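Shown below, as structure tokens, is a lone chain in the form predicted on its own; questions about how it binds or moves come after it.
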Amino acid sequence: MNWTSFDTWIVVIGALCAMACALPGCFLVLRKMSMMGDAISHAVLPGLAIAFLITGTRASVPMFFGAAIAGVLTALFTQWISRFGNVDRGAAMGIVFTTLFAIGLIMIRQAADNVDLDPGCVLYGAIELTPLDTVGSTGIPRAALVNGGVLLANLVIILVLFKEFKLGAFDSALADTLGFSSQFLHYLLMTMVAVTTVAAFESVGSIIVIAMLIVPPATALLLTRKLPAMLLIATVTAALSALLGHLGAIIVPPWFGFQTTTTSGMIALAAGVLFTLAWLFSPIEGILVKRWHRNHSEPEEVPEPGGA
């Protein structure tokens, strides 16, 4: 294996992206809103298309704001349909994201005649090419700065509003009673998810973002019941998934007769493998650990009185 600085940048970008997703993802998992990340990551497509049709350019700033606005609107529409339409939240998510996703695909297909706006790139990303797009003469990939900036912003917001987010995740009614608007916290979290999703598009694509939003937090929840520890374990798991995923993309394909595979897909696979290990061996929720304790905690037989 010939490891280069190119590979290092791919891992760094993947890790920054995965960690940025894992932080708000922890609160999605705790709020039992895991599929909201799925909804937002798909529903931002019309925002991308509208931003191009209005500006006539693929510049990052218009695309970023267009997709972020579409992501926030997804959360708003889901909330409205669920509340005023008396529809289950899961069903409301399905209605909103499938409709917006379909509209986005149609609009992108219409725009494809005039610009290279590839739906596949939006869905699957192109992390292998991100080190080529550097900022000026610094040699730092733009994707590293974008995802690093989003990671820092998410971290600062969570640190500043940690108590509020914690109350909102476990008891929204208590948060309202104490003067912390649960609605504000909800929409702030949705905004964080939308912005994080958009920032990750060029790196890993919208579909892989879903895995990074949910799998590392779910893995952390199997290993701890304390929120600070969960946030830490989720970010470490996300970074480790990026490293193992890229290594897997380099090493594993030849075992099966393939020349190469996508790093973003292998990152999601690595995250799934880490989750499986936690699911089996976690000291709190591990299946094998529970079975071992059950087999070794059976009471010993007490001999009957008068027995030999």
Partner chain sequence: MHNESLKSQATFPPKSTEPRPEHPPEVPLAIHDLTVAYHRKPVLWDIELNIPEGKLVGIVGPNGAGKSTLLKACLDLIPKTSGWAHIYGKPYKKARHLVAYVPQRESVDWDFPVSALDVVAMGAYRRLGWFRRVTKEESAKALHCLEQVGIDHLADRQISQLSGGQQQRVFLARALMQDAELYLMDEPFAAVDAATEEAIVALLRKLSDQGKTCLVVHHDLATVTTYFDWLVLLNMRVVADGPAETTFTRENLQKTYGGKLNLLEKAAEALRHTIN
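This structure is a prediction, so every number in the text was calculated from the model and none was measured. Numbering follows the first chain given and starts at 1.
Just so you know, the form predicted in complex with its partner chain exists too; it's not on screen, but the next bit is about it.
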Using a 4.5 Å heavy atom cut-off, which residue among Leu152, Leu159, Leu129, Val135 comes into contact with its partner chain in the predicted bound form? Leu159
The one option of Leu145, Leu73, Val236, Leu227 with any heavy atom within 4.5 Å of its partner chain in the predicted bound form is Leu227
Can you work out whether Phe77 and its partner chain are in contact in the predicted bound form, taking contact to mean some heavy atom pair no more than 4.5 Å apart? no
Check Lys166 for me: does it contact its partner chain in the predicted bound form (non-hydrogen atoms, 4.5 angstroms)? yes
Leu185 versus its partner chain, in the predicted bound form: is there a non-hydrogen atom within 4.5 Å? yes
Is there any non-hydrogen atom of Leu221 lying within 4.5 Å of its partner chain in the predicted bound form? yes
The stretch from 44 to 52, 29 to 37, 239 to 247, 64 to 72 that lies within 4.5 Å of its partner chain in the predicted bound form, judged by heavy atoms, is 29 to 37
Using a 4.5 Å cut-off on any heavy atom, which residues of 167 to 187 would contact its partner chain in the predicted bound form? Leu167, Ala169, Phe170, Asp171, Ala173, Leu174, Asp176, Thr177, Leu178, Gly179, Phe180, Ser181, Phe184, Leu185
